[in-house]
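Given as structure tokens, the chain that follows is alone and in the form predicted on its own.
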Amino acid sequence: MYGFEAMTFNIHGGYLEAIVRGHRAGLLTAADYNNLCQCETLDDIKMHLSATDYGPYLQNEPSPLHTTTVVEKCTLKLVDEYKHMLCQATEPLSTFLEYITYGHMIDNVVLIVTGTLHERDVQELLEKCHPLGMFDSIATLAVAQNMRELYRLVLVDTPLAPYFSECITSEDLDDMNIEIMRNTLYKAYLEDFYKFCQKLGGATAEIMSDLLAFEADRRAVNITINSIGTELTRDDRRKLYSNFGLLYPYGHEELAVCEDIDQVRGAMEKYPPYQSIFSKLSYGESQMLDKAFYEEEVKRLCLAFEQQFHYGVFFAYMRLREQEIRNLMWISECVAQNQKSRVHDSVVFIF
């Protein structure tokens, strides 16, 4: 199939690919970020954003603004664009677009279950959930006491149901079990999405394989670093790694036995794409690792737009817009808390 997409792709996908490339042109540029970083108040940020695609979403917000309002309205724009594309999509693009939201569904499930465990109000938790990951029975997650109940009462009717087969246990839910559940679900989701993209074939398979492999490898590194010093055994750690990616299988064997950040670094430096990421960090430092991974991801996502006639652009656009919202949240928080000296610490420039 590869090479023949140009003949048939535009029959069903041409309009939406044009739409998503148009949306991409509306992403904030380095000049926009430099202007935003100079802002003194959240109203200055609103004024600058009024000249961008976010303008209509923020124009009726009264002063004083809050960071949560800025993030909420920017996310609403992303959700509106996503829903428009999903309404227009036909198979297999509609299924591909639905796969993009499953990660948010997993995060929402974990957020509700963790919040309930700490006796937080369900309504308050629902407000914090990502709108792309909502499903009908999400509020009833609060009644579950263990994984089996969680599955039987709520999740059996959601798209996440197949991913739960690996983590159904009768153990009561506690913080450790919930984190293991999150990572097991993510592993099953990424592997399923990867298989789906392989089945589509062509440029979509090629580009999405690279993007999903990077996501799987990043999660493997984060799982390793976060589990150092916990009671998670090496075998349990290895079970949480996805069965594909550049690190699979030999890198996973090395990561499973790492005891500190420098050993993780040693394992990762054998892989040229990740060597450049770790070379930006000083030894023993892991705080800036997230930003380094985000920068590498943004580079790869931008490259997805260099090729035509594939579905990778939809995934890339959604991820770039989410990164942009993270940037705006960080800038808004720094301005609101009068910490402008730290404003460049976490901003990842997209263009």
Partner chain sequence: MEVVDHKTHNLENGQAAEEEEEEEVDENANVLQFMDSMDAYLTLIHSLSSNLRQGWLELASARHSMGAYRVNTVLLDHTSHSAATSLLVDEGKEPHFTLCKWGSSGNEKLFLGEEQSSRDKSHPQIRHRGATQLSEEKTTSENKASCEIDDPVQKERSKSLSVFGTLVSPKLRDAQLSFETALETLVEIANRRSEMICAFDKVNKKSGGSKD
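Positions refer to the first chain, counted from 1. Since this is a predicted model, take the numbers as computed values, not measurements.
One more form of this protein should be noted, the form predicted in complex with the partner chain, which is absent from this view; the next part is about it.
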Practice problem: Can you check 118-126, 268-276, 200-208, 250-258 and let me know which stretch has heavy atoms within 4.5 Å of the partner chain in the predicted complex? | Solution: 118-126
Quiz item: Does each of T68, H130 and T230 have at least one heavy atom within 4.5 Å of the partner chain in the predicted complex?
Solution: yes
Practice problem: Could you tell me which one of F309, Y294, Y57, F305 places a heavy atom within 4.5 Å of the partner chain in the predicted complex? | Solution: Y294
Quiz prompt | Proximity of L16 to the partner chain in the predicted complex, heavy atoms at 4.5 Å | solution = no
Practice problem: Examine Q263 and determine whether its closest non-hydrogen atom to the partner chain in the predicted complex is within 4.5 angstroms. | Solution: no
Quiz item: Applying a 4.5 Å heavy atom distance criterion, does L190 contact the partner chain in the predicted complex?
Solution: no
Exercise. Spell out, yes or no, whether the shortest heavy atom distance between N226 and the partner chain in the predicted complex is within 4.5 Å.
Key: yes
Quiz prompt | the partner chain in the predicted complex - contacting residues of 173-188, heavy atom within 4.5 Å | solution = D175, M176, E179, R182, N183
